[in-house]
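Here you get one chain, nothing else, as structure tokens; it is the form predicted alone.
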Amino acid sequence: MNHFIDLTLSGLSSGAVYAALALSLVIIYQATRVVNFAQPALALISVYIAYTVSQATGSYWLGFGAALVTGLVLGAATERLLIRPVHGRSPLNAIIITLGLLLVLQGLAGMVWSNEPHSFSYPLDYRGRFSASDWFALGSVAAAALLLFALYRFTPLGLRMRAAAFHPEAARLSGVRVGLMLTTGWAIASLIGALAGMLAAPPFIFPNVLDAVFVYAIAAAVVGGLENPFGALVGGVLIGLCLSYVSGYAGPELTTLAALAILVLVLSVRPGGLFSRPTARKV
């Protein structure tokens, strides 16, 4: 029983990281119908900036703040400089751009910080059954989700962002600056991605450190539904728990296969994800 509880707690902690990265993917997909394959690279650069700031100042939390700001700026710059010019064209163009940006940024990280692993601190004490760092991961992701919900639900900015995402033409006619709202959405999504990177990176960072996390985050986003932020959060936790049980009872080498199996099973039953809404089709 103790082993089961340990695996559950571990799954909740890792699931929070998958949920945060999945949430960042869903925010962008909702607004632009683009799966941002560059998200782990944006988070990676943010983590490396945090590493540099922490090394220079000796403060983890200054580095943490620098990572969030970097994520915010990188997300806005990516949308404004790379995605906006191809907006309205084939979605494949934007996907290819994000894939290219992923490769460029990972290569750039290796050139600047080297491909060798660097030691990277946990935010808090990581020892114990459910450590302070695990509580911080759960709490920070929950706080980010609640703030995002409050932003979308109760603020004029959130209303304009939703209008720009779901009814861009009507929003434009109502005076909403749709382009600015899309840039804001990308910036917020990249900030949440940077948070996920800061939680997932320890104890070492290297250019491919977030690759596996990104695979599980995509699985979580698809399982929950690419158009449902709440589904992304639930999907992340489900993936985290399932992979923790598989790793603990069957072996860690089967976790990737288990994620694929979960993905195939869910898509077979609910192609749009567990929390997708039924859509009407014209015949």
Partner chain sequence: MVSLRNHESTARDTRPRRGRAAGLAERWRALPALVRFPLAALAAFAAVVALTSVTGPAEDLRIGSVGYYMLAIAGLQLLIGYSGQVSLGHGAFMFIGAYTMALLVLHQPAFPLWLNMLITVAVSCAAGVLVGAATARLHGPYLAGATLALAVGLPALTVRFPELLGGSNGLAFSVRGAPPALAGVVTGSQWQAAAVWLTALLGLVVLATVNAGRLGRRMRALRDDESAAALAGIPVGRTKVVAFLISAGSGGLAGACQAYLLGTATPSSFTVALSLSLLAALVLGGLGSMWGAFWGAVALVYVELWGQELAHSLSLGTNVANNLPIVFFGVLLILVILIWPQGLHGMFSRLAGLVRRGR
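Residue numbers count along the first chain shown, from 1. On a predicted model such as this, the values are computed, not experimentally measured, just so you know.
The same protein also has a form predicted in complex with its partner chain, omitted here; what follows describes it.
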Considering only heavy atoms, tell me if L263 and its partner chain come within 4.5 Å of each other in the predicted complex.
yes
Would R89 sit within 4.5 Å of its partner chain in the predicted complex, counting heavy atoms only?
yes
Do M111 and its partner chain come within 4.5 Å of each other in the predicted complex, heavy atoms counted?
yes
Is V237 part of the interface with its partner chain in the predicted complex - any heavy atom within 4.5 Å?
no
Identify, from the list I45, V26, I218, L243, the residue with a heavy atom within 4.5 Å of its partner chain in the predicted complex.
I218
Just to confirm, with a 4.5 Å cut-off on non-hydrogen atoms, which of A31, V222, A67, L233 contacts its partner chain in the predicted complex?
V222
Every residue in L103, F214 and G251 with a non-hydrogen atom within 4.5 Å of its partner chain in the predicted complex?
yes
Counting only heavy atoms and a 4.5 Å cutoff, which of 131-139, 183-191, 111-119, 69-77 contacts its partner chain in the predicted complex?
111-119
Even though the chain is shown alone, can you say which residues of 73-88 have a heavy atom within 4.5 Å of its partner chain in the predicted complex?
L82, P85, V86
